[in-house]
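Next up: a single chain in structure tokens, the form predicted on its own.
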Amino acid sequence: MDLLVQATLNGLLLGLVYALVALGLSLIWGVMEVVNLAHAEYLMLAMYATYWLWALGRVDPLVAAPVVLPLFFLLGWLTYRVLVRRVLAAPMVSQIFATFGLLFFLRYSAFAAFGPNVRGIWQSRLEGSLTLGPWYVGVPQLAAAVVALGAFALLWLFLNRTKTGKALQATAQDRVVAQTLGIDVEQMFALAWGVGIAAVALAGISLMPFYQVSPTVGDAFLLIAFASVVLGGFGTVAGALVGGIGIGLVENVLGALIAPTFKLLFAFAVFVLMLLVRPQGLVGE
């Protein structure tokens, strides 16, 4: 029983981080129906930005967000303006290949700039673990989960309590009708990219106290992000949250009860099963 509870705790904390990684992917698809295959490369770049702030200036990941997030919001905005806007009217396969090319451009730029070595942060303020009876919770993992929950709460408030957020939702529902209502759809698309890339950058910052970065770190997280949005429902904020938590629980609970070696296999089995049985996801319509 203790093993099951511990695996559930681990799965819940990690699942919230997965949800934050998946959030931007789902938001961009929900607003403009573009699959961003380069999504996890921004996670990798944000992890490097956090690492170098610590390595060069001893800036703790705990306080790196005010520096990193505006940069990645701008990077997402520029990605839309420079690349995505030019292929928006093209067939979906062209959009996919455009973001696929962007994935390799960002990855091999990281190889050229930082080399292939794995890098990590030591002696962060977020270290150690909390003991809850027979169970324990890692402080960095708990902090990352709290940050993820806070990000979802802020995004929900933005989308439902601000005029700009409601304009973004209107654009997601029908861009033509949104235009007739006077909404600048181009600005909404750029905003979706800015917010989506800032969200995955926040996940990268949160990961650095307990995860190491390399130019290929995005591989595992991209697949997990797709599995999360498929499980929860592609294109919805709630779907990213439910899907991320679900994948985290499946991975950790089944991994602990059956075989840790196959925990990713269980996550991707759920991914395939959902596509076959309920492709709209758990909370999708």
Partner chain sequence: MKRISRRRFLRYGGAGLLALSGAERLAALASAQEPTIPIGVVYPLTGALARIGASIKNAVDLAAEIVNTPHPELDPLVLARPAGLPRLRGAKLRLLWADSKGDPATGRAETERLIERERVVAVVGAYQSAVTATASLAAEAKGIPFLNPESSSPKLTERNFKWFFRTGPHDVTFTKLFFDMMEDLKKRGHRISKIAILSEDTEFGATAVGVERVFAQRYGYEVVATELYTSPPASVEAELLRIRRSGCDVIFGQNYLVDAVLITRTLKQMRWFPQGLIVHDAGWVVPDYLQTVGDDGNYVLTRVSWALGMGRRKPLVTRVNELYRQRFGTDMDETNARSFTGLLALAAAINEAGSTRPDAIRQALAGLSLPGRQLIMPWEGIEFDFRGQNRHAAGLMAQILDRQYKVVWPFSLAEADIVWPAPPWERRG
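Numbering follows the first chain given and starts at 1. Owing to the predicted nature of the structure, the values given are computational and were not obtained by experimental measurement.
One more form of this protein should be noted, the form predicted in complex with the partner chain, which is absent from this view; the next part is about it.
- Taking the partner from the other structure, the partner chain in the predicted bound form has no heavy atom within 4.5 Å of any heavy atom of residue 282.
- With a 4.5 Å cutoff on heavy atoms, residue 158 does not count as touching the partner chain in the predicted bound form; it lies far away.
- In the predicted bound form, the partner chain stays beyond 4.5 Å of every heavy atom belonging to residue 76.
- Residue 180 falls outside the set of residues with a heavy atom inside 4.5 Å of the partner chain in the predicted bound form.
- The contact residue chosen from 90, 130, 149, 113 relative to the partner chain in the predicted bound form is 130, the criterion being a non-hydrogen atom within 4.5 angstroms.
- Residues of just one listed stretch (209-217, 91-99, 166-174, 195-203) have heavy atoms within 4.5 Å of the partner chain in the predicted bound form: 209-217.
- Along 237-252, a non-hydrogen atom within 4.5 Å of the partner chain in the predicted bound form is carried only by 252.
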